[in-house]
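This document starts with one chain, in the form predicted on its own, laid out as structure tokens.
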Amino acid sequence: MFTCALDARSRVPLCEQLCAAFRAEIERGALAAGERLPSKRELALHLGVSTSTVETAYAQLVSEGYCESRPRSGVYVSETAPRPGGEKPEGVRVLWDFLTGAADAEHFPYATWARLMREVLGEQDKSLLLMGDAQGLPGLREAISALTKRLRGVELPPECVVVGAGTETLVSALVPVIGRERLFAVESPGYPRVWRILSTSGARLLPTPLLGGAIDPRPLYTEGAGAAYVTPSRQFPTGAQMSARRREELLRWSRDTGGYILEDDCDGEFRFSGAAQPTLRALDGGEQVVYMNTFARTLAPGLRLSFMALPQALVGRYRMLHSACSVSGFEQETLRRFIEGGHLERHVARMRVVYRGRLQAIERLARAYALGEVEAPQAGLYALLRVGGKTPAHELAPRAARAGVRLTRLADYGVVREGSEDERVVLLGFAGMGEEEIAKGMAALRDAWM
């Protein structure tokens, strides 16, 4: 049984300590490629920690490529995990990256952004050097409010908007505002990084299974959840959009219990087909829903610019606990001018066309190469490919890796039953590569699998 020393008194969360211990063992070769990790329940009992601690650590290892999950079989060390000395297996190099967290940098409006930033710097406004408002510049919050109304049809009062250096920073800042004593429900499967940030911030997690592609509200009642993090526009990794009925059930839970909903609307601006469901914030009227979004996907991840809109009841507590905004005044003022000048909306419109072309290229090449059936997203920046052919399901990712292609399977997130056809579904992110690179990557998959 795997054993490591975990310090409950450390400021580093137990799940982070456990994850680091596994990384070290894998990198020094003590855990070999293909070796099965202990079951979550067995390891939790052995180490004296909760199963959610182990589950969070395993999810992080999978997301980082150290491990892979096999439904009803367990979690195994990946064949492409770092070897002793931190080196990847010989000959393995990522040439085409279909991971879902990428963003386009080629089409970033460098000239416009640089011009606006020079204007801001040239005005030598000394107030931008000061700490400023804890929620962000009032002018930027007004611009975000107006923008979100136009793009997503949701009313966000400027006095409720908070600007932050990335969604992770905002999630971390939100935990003490909502209350560390509350139980935070998270979609299972869901974003491992959000699980990690919530846990690092001191939140107690309740991994909650999906029902019909969305979080099941019933355990929120029975387990006493006080908050729930959800991705209703497009659930990760299944790609499902939360139905109107499930939205109402989740909102009913928040009204019945006073629980808060953390609605992450990342990628909601990039819709390619079908009608968008109203946001939970719009349906709720802002009483129990924290609306969250980021400019990392619409502009560039390196800018680290995100925002959230708090329920009015939480604004005072946020200001009491947080005294400064995590984004510099110069960046905030540049973004304000970028939004108010209409540049961001024009960029989003342009990128919809670009991303639609990349999605169509994946669909076209999947047919041409007989790779399988593509489930095109209504919204979001990755597609699901149900792979055909005779390659065993557990071999899809390793063979792709040996061909220089990085991707993940739906099964890596523990969402499919053993022996089901969903074991053959892989996720293809299309934000980080142009159509030419996508074509080369798809050809490499054809050669690896067929």
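Small disclaimer: the values here were computed from a predicted structure and weren't measured. So that there is no doubt, residue numbering starts at 1 and follows the sequence shown. What we label the rigid core is the largest C-alpha set whose atoms superpose within 1.5 Å from one form to the other.
What comes next is about the form predicted together with another copy of the chain, which does not appear here.
When contacts are defined as a non-hydrogen atom within 4.5 Å, all of T200, G316 and S323 contact another copy of the chain in the model of the complex.
In the model of the complex, none of the heavy atoms of T408 sits within 4.5 Å of a heavy atom of another copy of the chain.
Contact between E106 and another copy of the chain in the model of the complex is found at the 4.5 Å heavy atom cutoff. When another copy of the chain is considered in the model of the complex, W113 lines it closely, a heavy atom lying within 4.5 Å. At least one heavy atom of E168 is located within 4.5 Å of another copy of the chain in the model of the complex.
L303 is the sole member of L183, L251, V77, L303 with a non-hydrogen atom within 4.5 Å of another copy of the chain in the model of the complex. In terms of contact with another copy of the chain in the model of the complex, the residue from R193, R271, H343, R152 that brings a heavy atom within 4.5 Å is R193.
Of the stretches 251 to 259, 143 to 151, 124 to 132, 233 to 241, only 124 to 132 has residues with a heavy atom within 4.5 Å of another copy of the chain in the model of the complex. Of all the residues from 328 to 351, those having a non-hydrogen atom no more than 4.5 Å from another copy of the chain in the model of the complex are S328, G329, F330, E331. Once the rigid core is used as the reference frame, the Cα position of K40 differs between this form and the one not shown by 2 Å or more.
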